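Single chain ahead, written as structure tokens, the form predicted alone.
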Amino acid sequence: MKALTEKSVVAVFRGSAFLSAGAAALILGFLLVFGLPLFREGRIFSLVTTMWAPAEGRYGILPMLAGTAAIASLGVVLSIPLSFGAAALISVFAPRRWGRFFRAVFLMATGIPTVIYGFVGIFLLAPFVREFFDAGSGLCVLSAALMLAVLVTPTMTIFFVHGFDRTPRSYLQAVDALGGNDVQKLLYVILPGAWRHIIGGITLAAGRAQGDTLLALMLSGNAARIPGEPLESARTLTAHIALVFAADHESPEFLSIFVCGLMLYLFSTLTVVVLRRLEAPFRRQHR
């Protein structure tokens, strides 16, 4: 009976994994099928290397590629030290009672709808950026990246905390016995064993940053041009898909959104592959 139950559980989990993988493959197939005319006409390369100028008959998505890379990468880079500091406070430096409280706060923050962050960004962050730098409208790469960092920090923090908490208590007691302090525990004991969770948290945050739509729509300014500095407006691939899809289903530029979807797949795949390669040495060490 026990063996039968275990087999049933394994079968359910295996089926869920195949279902998830199948759904992802179907979505990719959908994008490829609808983008097939562009492949047949040989326009894919020109679409990803030219500018967006519908009035001139050019529908290149290069500005959106640059905008996605700028906003997502800056947001993740800004969120890493915030998440690391918050996780260290929860797991290492704060008293246990306060650690549980902060953990609950970050868990709650992971469930806040993205549109709430967008409203805060429009009414508080964008005016602050505009007044502080005395340039532009405040709807720019920097504003979108800052709010994106706030969005992904709770999720990344929880991943880091799970990694920090997996450190065997005997290791921490050994540091105490040798007269070590909390900083030494963190640097020499906790971090070496938590790298897999750190990489996992960064991977998830990078995927969410690349795929976010609302914050990009509300805070980036949606200018279809390559941003030269953080205070300039930009447009991401996800925002472009939303704007074009909502505008006209029969227009020539409509096909460009399928190329945007394929580029998002490529971005996400490359991010996962690169981060997993970085994780590989730590995985081998703990086998």
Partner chain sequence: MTGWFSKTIRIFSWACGMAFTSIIFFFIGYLLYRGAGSLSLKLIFENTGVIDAVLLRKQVLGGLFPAIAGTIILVLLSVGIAVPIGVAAGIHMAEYARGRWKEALGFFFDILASVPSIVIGLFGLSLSVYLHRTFFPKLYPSLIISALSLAVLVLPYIIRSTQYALESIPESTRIIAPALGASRLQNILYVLIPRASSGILGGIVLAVGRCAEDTAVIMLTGAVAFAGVSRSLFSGYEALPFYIYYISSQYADPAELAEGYAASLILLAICAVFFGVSFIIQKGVESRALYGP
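Note that the structure is predicted; figures quoted are calculated from it, not measured. Positions refer to the first chain, counted from 1.
Not on display, but discussed next: the form predicted together with its partner chain.
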message: Quick check on this chain: which one of I202, L142, A194, A88 has a heavy atom within 4.5 Å of its partner chain in the model of the complex?
response: A88
- prompt: V76, I190, I158, I198: which sits within 4.5 Å of its partner chain in the model of the complex by any heavy atom?
  reply: I158
task: Indicate whether L36 is a 4.5 Å heavy atom neighbour of its partner chain in the model of the complex.
output: no
task: Answer with yes or no whether F30 is in contact with its partner chain in the model of the complex, where contact means some heavy atom within 4.5 Å.
output: yes
- prompt: Would P81 count as a contact of its partner chain in the model of the complex, using a 4.5 angstroms cut-off between non-hydrogen atoms?
  reply: yes
message: Test of understanding: in the model of the complex, would P95 fall inside 4.5 Å of its partner chain by heavy atoms?
response: yes
- request: Select from 96 to 112 the residues with a non-hydrogen atom within 4.5 Å of its partner chain in the model of the complex and write them out in sequence order.
  value: W98, F101, F102, R103, V105, F106, L107, M108, A109, T110, G111, I112
